[in-house]
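In the form predicted alone, a lone chain appears below as structure tokens.
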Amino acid sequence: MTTHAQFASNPGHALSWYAATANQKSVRPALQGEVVADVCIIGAGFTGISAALELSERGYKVVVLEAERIGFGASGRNGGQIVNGYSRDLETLERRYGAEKAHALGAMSLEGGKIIRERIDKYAIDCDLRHGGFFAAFTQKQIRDLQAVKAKWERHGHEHLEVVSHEDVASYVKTNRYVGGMIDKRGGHIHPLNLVLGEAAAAESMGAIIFENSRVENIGTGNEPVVATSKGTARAKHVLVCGNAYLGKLLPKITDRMMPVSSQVMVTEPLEPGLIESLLPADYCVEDANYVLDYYRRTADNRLLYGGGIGYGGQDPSNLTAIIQPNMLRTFPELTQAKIDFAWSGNFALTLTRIPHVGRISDTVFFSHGDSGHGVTTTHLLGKILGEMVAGHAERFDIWASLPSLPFPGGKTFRVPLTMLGAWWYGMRDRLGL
């Protein structure tokens, strides 16, 4: 059995398989004294690092302030799945925001995955990229829903989807749980911590400076805002706030519009290559079509990474494997004897609309948060769009900033129980096949 002690330490990160297998583990220094830059970015997750790389490529002098470590939050703990689109389907966006905005959002909806692949190729980032995703359906209603999603996507130019019959499920996943599904050839999966570390190194190669263990305590909003930590300051022409679920109490205007939500992930011991290949023969990542869904995939070292569960308010359960392992064994009873080497939790930021919250604090301070469970791709898109905004191209930023952001009903006191009640209702509909 593989143990944590067999891996080099990676201080400051969650005790995850990602942190244990990171390509780069050295700690960058904390900010001390004053630095001056064109742009100061708060948060070294996917959004912040995507923006840092975009701006560095454009020739801007960039400084990034990270409270913990690069990829400390959801960016370095997630399921590692490249899932196209947003947390709400394109039909919902059209109903809410009108045809014109839905068309604009649809035109951007595949870009996040494209950015990831382009950067992996351009900067030779070693992050175990694999192509292809499978959405698994438990019921015929879910099959019909996937067929409707496919038809809507095709109107926006996404022609790499294919509905899969019950007979063909075994080509993607060996289990008796599903009646069919849909494959997305433009989906895929990666080692997310190694991806964000590779992107960070690419930005640094062009002059960006990243400080870790540098929690921001105050943000100025004037013409040349000053960002302060306990030991230093960064003076810049623009500030991008990209802290997401780990932003804390820094900017209540933002944090009051999002709620931290935890998801749990575990990883088995290395499995016999023949076994893991038989369970996931196409090496696609999988997520099911339930409201509270499970997601899983093979790793490069022949483990099964399996995630699921949800904790509104960001609370960590006392026993992570007790939540996930029963579902894993229902999916793959062949793994009854498989040891679990790693189990961890991490928070993502949920908005009431389930659509990212993007906007301005002032003429010099911008933000993007609340990717609501679809962060791997949308963070890359929105990080790039933040960079465009700084460079004077506000068209796409303004589309996102125009989308209404709503407070959670019940405020901080009742938002968690009310959201849990809604999740219970949708979960019951899944169980009843409605």
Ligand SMILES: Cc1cc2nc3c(=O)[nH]c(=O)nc-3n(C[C@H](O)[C@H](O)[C@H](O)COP(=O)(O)OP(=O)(O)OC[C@H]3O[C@@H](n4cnc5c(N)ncnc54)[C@H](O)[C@@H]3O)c2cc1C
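The numbering used is simple: start at 1 and walk along the sequence shown. What you are looking at is a predicted structure, and each value in this text was computed from that prediction instead of being measured.
Only in words, not in the display: the form predicted together with this ligand, which the text now covers.
This ligand in the model of the complex is not approached by Val63, whose heavy atoms all lie more than 4.5 angstroms from it. Although the partner is absent here, Arg77 lies within 4.5 Å of this ligand in the model of the complex, judged by heavy atoms.
Heavy atoms of Ala44 reach within 4.5 Å of this ligand in the model of the complex, making it an interface residue.
This ligand in the model of the complex comes within 4.5 Å of a heavy atom belonging to Cys242.
Shown without its partner, this chain lists Val376, Cys40, Leu31, Leu55 as candidates; in the model of the complex, only Val376 has a non-hydrogen atom within 4.5 angstroms of this ligand. Site annotation in the model of the complex: the residue of Leu304, Val216, Leu93, Ile210 reaching within 4.5 Å of this ligand with a heavy atom is Val216.
You can rule out all but one of 202-210, 141-149, 79-87, 354-362: in the model of the complex, only 79-87 has residues with a heavy atom within 4.5 Å of this ligand.
For the three marked residues, Ala67, Tyr246 and Phe348, a heavy atom of each sits within 4.5 Å of this ligand in the model of the complex.
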